[in-house]
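Only one chain is shown below, in structure tokens, and it's the form predicted alone.
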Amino acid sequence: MGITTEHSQVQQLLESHFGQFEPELISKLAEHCVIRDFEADQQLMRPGQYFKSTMLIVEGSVKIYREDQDGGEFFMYHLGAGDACALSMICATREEQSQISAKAIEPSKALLVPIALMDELMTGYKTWYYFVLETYRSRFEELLEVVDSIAFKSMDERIEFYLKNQRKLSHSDELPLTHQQIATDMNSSREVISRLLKKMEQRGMVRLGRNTITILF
């Protein structure tokens, strides 16, 4: 792929998903960003990794989570088109190791922004500065929602909250989810999740299919 072609593609992706950026910023990013494609289940970040760039998601969906020593997962939040990972921005800027994991949950595409640009972008482009602040705020609020869900809600309420977030992310009532995927994200067991989903189906809240859940509420 020629440089001119990729430059044009990056610019189009930025204009489509980050229209709040000023034209000069889009031109600057288009000169330096690289397009990266990820397959479903491919790792984007791992604990202990140093970042050479931060990512702007332009297609698909990415799960951000923590892993314990036994491989258990604690779901934090999802990223979709138009989002960036605040934690990767912090680690990239401060040249610190990642403390989180990230995985594409469907075929996804991202623009990689070199860390060498971060100081210039923050001081030279107001729309980037405000975008970073908004990214920090949004991710912090999402983490608070997760903490509140765990601390103050029953498992029934937590799974309802989880499904609503999945619907918001996918823009669809039909979710391609297995019971095990939900159990992993919610740090629970498949048996518990299956029992709760069955109760929800009996109450007319969801319709369960083979590896799909249709939200009816």
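By rigid core we mean the largest C-alpha set that fits within 1.5 Å across both forms. If you're wondering where the values come from, they're calculated on a predicted model, not measured in any experiment. All residue numbers refer to positions in the sequence shown, first residue = 1.
The next section is about a form of this same protein that is not shown, the form predicted in complex with the DNA.
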Check your understanding: Is the gap between N211 and the DNA in the model of the complex 4.5 Å or less for some heavy atom pair?
Key -> yes
Point to revise | Any non-hydrogen atom of D148 within 4.5 angstroms of the DNA in the model of the complex | key: no
Review point. Any of the heavy atoms of Q11 lying within 4.5 Å of the DNA in the model of the complex?
Key: no
Review point. Looking at the partner-bound form in the model of the complex, is R190 within 4.5 Å of the DNA by any heavy atom?
Key: yes
Revision key, fill the gap. TL;DR on 49 to 57, 150 to 158, 25 to 33, 66 to 74: the one with heavy atoms within 4.5 Å of the DNA in the model of the complex is 150 to 158
Review point. Quick one: of T178, T184, Q42, S170, which gets a non-hydrogen atom within 4.5 angstroms of the DNA in the model of the complex?
Key: T178
Review point. Core aligned, does the CA of R207 move at least 2 Å between the shown form and the other one?
Key: yes
